[in-house]
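Here you get one chain, nothing else, as structure tokens; it is the form predicted alone.
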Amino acid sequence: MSGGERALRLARAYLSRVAEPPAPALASFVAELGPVRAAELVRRGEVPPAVDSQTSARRAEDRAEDDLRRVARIGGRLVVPEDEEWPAWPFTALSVAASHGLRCGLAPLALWVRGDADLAGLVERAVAVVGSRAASGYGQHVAAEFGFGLAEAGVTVVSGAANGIDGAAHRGALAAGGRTIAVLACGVDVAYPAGHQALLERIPRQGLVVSEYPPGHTPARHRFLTRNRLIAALGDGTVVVEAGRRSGAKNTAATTAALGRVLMAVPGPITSASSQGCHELLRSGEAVAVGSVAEVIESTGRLGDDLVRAGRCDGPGPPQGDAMRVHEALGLAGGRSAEAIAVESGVELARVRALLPELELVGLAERDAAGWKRSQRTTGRGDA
């Protein structure tokens, strides 16, 4: 490791401890000056008032060297935005949300990671599975089946390692020999809940344990709400298996919707309090009902490749998520440029350029001299 890289990692480690995330003023300060220079000024207290209010209580807590040694002893490391394995694309949604003033926004300054897998690689195809800690037998069965089926299909299962639904989803993925990511509201060296110590030891062998909190940090209520934005961001969509009317799972659901990700909910017995939150999400139209792994994959998967085969299939079916927004922005008669489609759909230009060829491959879009338009073979499908 070069001297510059070491200085960068030490600076990010220090900054991850010095402020309680999310810390928007500090994040802007780091983006403006770079992590090394920002860390120097924070240590000296030579920062704007907004940054000072977020860092003054802990700026003397410089444990970066010790934190890096401590996480290395348990097979962990610090992953920073400058690393190739940083999940830049998933976190783009957080940055966009922050720019629009949404409280769920803001990417982390760094991530403490336990396990050997490549983080960016794991989240190339991932789904979050969340739900109630006080889960019913029905809910735990569904979560385990979804975790197993998703992992078996090559999808990484993201959850929070809590009791109930989270733990069942992780165990299902592990039982399938698949990949799973546990996002914690404490340090990656802290076993919480205590009953999941064995589970948290198993997960790094097939996936990763991840946290934006440095080693030794203990869980707190506000930290669970803060980490939920990471669970929502790392998945292509979120499945809520069971949730009460007021619950952390519904907080993750709200963040999923705010980030533009696909939100799904599993219907349950109408007599079950554990399913009332799911039913509210479905009744309001915020969530799509799913009852099988195939339906989850169809809702979040690759356009044209992951469609449920239910009876006779006459075509690729309507696009989902960003693809649906791009498809709806296509002209019916004349073609439009990718730039115009990005403005109309609100989808990032790079994402639009990636999706247009996919829409063309499945017969939903075609090119003409002016740009892109809806395919005449499929006009009318899914437009109602």
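A residue's number is simply how far along the shown sequence it sits, counting from 1. No experiment lies behind these values; they were computed from the predicted model shown.
Omitted here: the form predicted in complex with another copy of the chain. The next part is about that form.
> Using heavy atoms and a 4.5 Å limit, would one call Ser99 a contact residue for another copy of the chain in the model of the complex?
Ser99 lies outside the contact set for another copy of the chain.
> Considering non-hydrogen atoms and a 4.5 Å limit, does another copy of the chain approach Lys250 in the model of the complex?
Residue-level check for Lys250: no, no contact with another copy of the chain.
> Flag Glu85 as yes or no: does it have a non-hydrogen atom within 4.5 angstroms of any non-hydrogen atom of another copy of the chain in the model of the complex?
Although another copy of the chain is absent here, Glu85 would stay clear of it in the model of the complex, with no heavy atoms inside 4.5 Å.
> Given that the partner is absent here, does Ser274 sit within 4.5 Å of another copy of the chain in the model of the complex, heavy atoms only?
Looking in the model of the complex, residue contacts with another copy of the chain do not include Ser274, since no heavy atom lies within 4.5 Å.
> Only one of 203 to 211, 287 to 295, 184 to 192, 250 to 258 has heavy atoms within 4.5 Å of another copy of the chain in the model of the complex; I'd like to know which.
After filtering at 4.5 Å, what remains is 287 to 295.
> Of these, Val80, Leu106, Leu282, Ala135, which has a heavy atom no more than 4.5 Å from another copy of the chain in the model of the complex?
None of the others qualify; the residue that does is Leu282.
> What residues in 246 to 274 sit within 4.5 Å of another copy of the chain in the model of the complex, counting heavy atoms only?
Read in sequence order, the residues that approach another copy of the chain (within 4.5 Å, in the model of the complex) are Val266, Pro267, Gly268, Pro269, Ile270, Thr271.
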